[in-house]
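Next up: a single chain in structure tokens, the form predicted alone.
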Amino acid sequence: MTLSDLSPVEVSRRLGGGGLTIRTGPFNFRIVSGIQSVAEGLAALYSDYPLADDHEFVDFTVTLARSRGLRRWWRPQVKFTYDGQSPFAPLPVDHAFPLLEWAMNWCISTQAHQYLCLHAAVIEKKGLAAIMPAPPGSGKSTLCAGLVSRGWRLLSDELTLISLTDGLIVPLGRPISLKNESLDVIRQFVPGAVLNRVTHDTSKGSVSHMKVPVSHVNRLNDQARAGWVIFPKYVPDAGAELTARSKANSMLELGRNAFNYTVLGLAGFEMLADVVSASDCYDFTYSRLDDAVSVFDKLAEGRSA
């Protein structure tokens, strides 16, 4: 059963009751919330995701609820709770859906230590993955959304999970986060893209998420091996250009982008070294998505798993 098998009324009823458990990649999230925008966001973006059965293990139970007291009536807020903890300050209630996405990332990055967890987008073609770490504002998610709409498979927009057992990259496949000018860029580049309601005035500006193609959701069990580590940067009016980067420097920078590098110790170091050793490493600048797609496709033509 997928979320689309439930009526909007049933989705809201389950969310407001015991919760709705969605399977995304290797994790089952039970989501509890009586906030309508959460139900609407899930229905718009997660309709193709499988629902976990009642007897299945739940990795994370997350709750988004309206703050109580006077806040119910004056500038209402939403509060995120996980396992009795509230790690974030409450936000305006209309920020509930992006808060859910950020909170799901927080759950994984702080607790899923069976993986080396990098702050990086990751996409796949011909069995090989391109890991793309980059700071906010670098155009990482825009590039990721553009490539996913042109034949590359989405593994994750925010978190690269590398199994400590076999070094394979495990898909999460959740919606792609887009901000500010990127929203219009993707609307023009992908006319059929499904984006949920835009949330304005967040800490990241205006935010929406792009739905993942169903063919990608159906391959959430298909892992990939690292083929490239690419540091992308959007530069206005620049041509699409790849520049080789040393493996030593790439490993240092990837280590800075790892959430649990120090937690994993030697195991994390050795896994990161294996990933970099197996990968071609580049810096990449671009301004036009068509040019970026052409460069990435040529990379894929030159290698296979």
Partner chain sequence: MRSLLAQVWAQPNEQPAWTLSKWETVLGQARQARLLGRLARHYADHHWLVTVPKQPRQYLEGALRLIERQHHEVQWETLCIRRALMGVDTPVVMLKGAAYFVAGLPPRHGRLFSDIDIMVKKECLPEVEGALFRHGWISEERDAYNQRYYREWMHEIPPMTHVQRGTVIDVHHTITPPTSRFKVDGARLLECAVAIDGWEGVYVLAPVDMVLHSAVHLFQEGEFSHGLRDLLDINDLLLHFGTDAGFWGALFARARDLGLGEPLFHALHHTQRLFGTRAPQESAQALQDIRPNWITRQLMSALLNRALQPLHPSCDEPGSNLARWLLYIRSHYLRMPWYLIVPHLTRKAYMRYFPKNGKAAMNADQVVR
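Positions refer to the first chain, counted from 1. Please read these numbers as outputs of a predicted model, since none were measured by experiment.
Separately, the form predicted together with its partner chain exists; it is not shown, and the next lines address it.
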Open item on the list: To verify the annotation, which of these, R187, H119, K233, R225, has a non-hydrogen atom within 4.5 Å of its partner chain in the model of the complex?
Closed with: H119
Task: Residue among D274, E40, D59, D48 with a heavy atom within 4.5 Å of its partner chain in the model of the complex - done: D59
- [ ] Please determine, with the chain shown alone, which of 208 to 216, 122 to 130, 156 to 164, 187 to 195 has non-hydrogen atoms within 4.5 Å of its partner chain in the model of the complex.
- [x] 156 to 164
Task: All of L91, W102 and W106 with a heavy atom within 4.5 Å of its partner chain in the model of the complex - done: yes
- [ ] State yes or no: in the model of the complex, is some non-hydrogen atom of R150 no more than 4.5 angstroms from a non-hydrogen atom of its partner chain?
- [x] no
- [ ] Check whether R30 has any heavy atom within 4.5 Å of a heavy atom of its partner chain in the model of the complex, and answer yes or no.
- [x] yes
Open item on the list: With the partner left out here, check for me: in the model of the complex, does some heavy atom of Q114 sit within 4.5 Å of its partner chain?
Closed with: yes
Task: Close approach of N257 to its partner chain in the model of the complex, 4.5 Å, heavy atom - done: yes
- [ ] Could you list which residues of 200 to 226 come within 4.5 Å of its partner chain in the model of the complex, counting heavy atoms only?
- [x] S203, K204
